[in-house]
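To begin, one chain is listed below as C-alpha cells, in the form predicted alone.
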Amino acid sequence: MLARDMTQILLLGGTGWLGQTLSRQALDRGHAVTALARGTKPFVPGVSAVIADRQAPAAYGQVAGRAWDLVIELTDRPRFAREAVQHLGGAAGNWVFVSSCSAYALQSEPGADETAGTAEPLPEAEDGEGADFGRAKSACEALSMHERNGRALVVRPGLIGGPGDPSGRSTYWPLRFAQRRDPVLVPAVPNGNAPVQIIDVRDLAAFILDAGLAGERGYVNAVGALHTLGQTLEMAREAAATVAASTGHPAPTHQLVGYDVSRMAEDRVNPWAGPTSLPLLLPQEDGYAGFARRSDARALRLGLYRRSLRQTIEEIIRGGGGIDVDSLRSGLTAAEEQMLMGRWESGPGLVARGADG
C-alpha cells in the first residue's frame, strides 16, 4: 500500500502518554501518522515527526493544506485549539478534540451525562501554565466546535489509567500491594462506597481512533466501569497474588490498616493524587459526589470497549517490576506510611479493617 493510499492521521501533540498510545495503535492499524509537537519528549518510532512550537506564527506550516482523514487535538490551550482549526480544519475530514470530565461545571450529580453544563470557558488571555484546567478544556471544546461548525467529536475522558501511568494515580495501589512490605495503610471511607472510574489508556486510544475515523460528532464521556474503592483495592491484592504465583513466588500477604480519612487535613495527606496522597480517594465533600460517576451510556453505544479493571491492574503489576512506589508521583512513601501508622497507633484513627470501613 502506498503512503498516499493510507489513512492520514495528524496528532496535535503526540509525545505524551496518551499521544504515544494513539501513535502506536494507529501505526499498528496500518495508518500513516504525523505528530506535531515541540520535541521535548520522544516521538514513537514510525511516526512522521514535525517539531514545532505552537506559539510561533508558522507553527502549522508543515502540516497545513493537506487533506487529513483525522486530526486529533490534545491541547489544553484555548488559543492553540482555535488556531489549529483555523489552519487545518477546512481540509480535515474528521476532527477529535480530547477534553476531560474536568470540563464540567459541577461534579456533584451521580450519573450525569453529556448534557450537563460545562465550566465557564477560560479566556485566551489567561491560558498557559497554571491556568484552571477544567475551564481551559471547556474553552477548547467551545472553540473547536465553533470553528468546525459542529463537525467535531469532543471526547471527555475520566481518570485515565494503565501500565506506565505517569501520574501514579492508577499504579500506586497495584504496585503497593505487589510489595511485601506490611502492613498496608488504606483509606477507611465512612460511607463505604467511594466511587472509582478508571479507563485504560489503551481502550481510550482505540475509542478515539474508532469514533474519530467513523465521523462521530458531538460530546461523549469516555469513562471506566464504576467500582468502589474497596473493590479496586481488593482487585489489586488479588492481582498481586496472581502475578506472584505466575512467577513462582509466594503471594504477598498484607494486613490492611484502615486510615481515618477525617484526619487527612491534620496529617496533610492529600486526596486523589500527588505527593503524600491516598490515590483515587476523592475529597469527602458533596461537591464531588458525581466526579467518578459520569454516565458512560453514549460511549458504549458508540462502541467503547473496556477491558476489565482487574486486567488493567494485573498488567500494571506485570509491567511495573522493579518500580519503587516511593518514586511515583502519587501516593505515600514508605516513610510517610510508617509515620501515619505510628502517629495514630494508640488512638481511634487506625483500625485493622477493609478499605471501605
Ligand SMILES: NC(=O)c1ccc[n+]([C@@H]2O[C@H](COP(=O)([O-])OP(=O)(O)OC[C@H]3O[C@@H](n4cnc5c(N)ncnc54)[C@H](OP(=O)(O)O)[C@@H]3O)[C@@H](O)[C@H]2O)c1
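Quick caveat: nothing in here was measured; it's all calculated off a predicted structure. Just count from 1 along the sequence shown to find any residue number.
Unshown form predicted together with the named molecule; subsequent notes refer to it.
Asks: Let me know the one among L304, I317, A37, L332 whose heavy atoms come within 4.5 Å of the named molecule in the predicted complex, would you?
Replies: In short, A37.
Asks: Based on heavy atom distances of at most 4.5 Å to the named molecule in the predicted complex, which listed stretch, 158-166, 123-131, 258-266, 279-287, is the contact stretch?
Replies: Result for this chain: 158-166.
Asks: Is A52 one of the residues lying within 4.5 Å of the named molecule in the predicted complex, judged by heavy atom distances?
Replies: Yes, A52 sits close enough to the named molecule in the predicted complex that at least one of its heavy atoms falls within 4.5 Å.
Asks: Is F80 close enough to touch the named molecule in the predicted complex, meaning at least one heavy atom pair within 4.5 Å?
Replies: F80 belongs to the contact set for the named molecule.
Asks: Looking at the partner-bound form in the predicted complex, is S23 within 4.5 Å of the named molecule by any heavy atom?
Replies: Close contact is absent here: in the predicted complex, S23 is far from the named molecule, nothing within 4.5 Å, heavy atoms only.
Asks: Hey, in the predicted complex, does L88 get a heavy atom within 4.5 angstroms of the named molecule?
Replies: Because no heavy atom of L88 falls inside 4.5 Å of the named molecule in the predicted complex, the answer is no.
Asks: Out of 14-49, which residues reach within 4.5 Å of the named molecule in the predicted complex, heavy atoms considered?
Replies: Heavy-atom contacts to the named molecule in the predicted complex: G14, T15, G16, W17, L18, G19, L36, A37, R38, G39, T40, K41.
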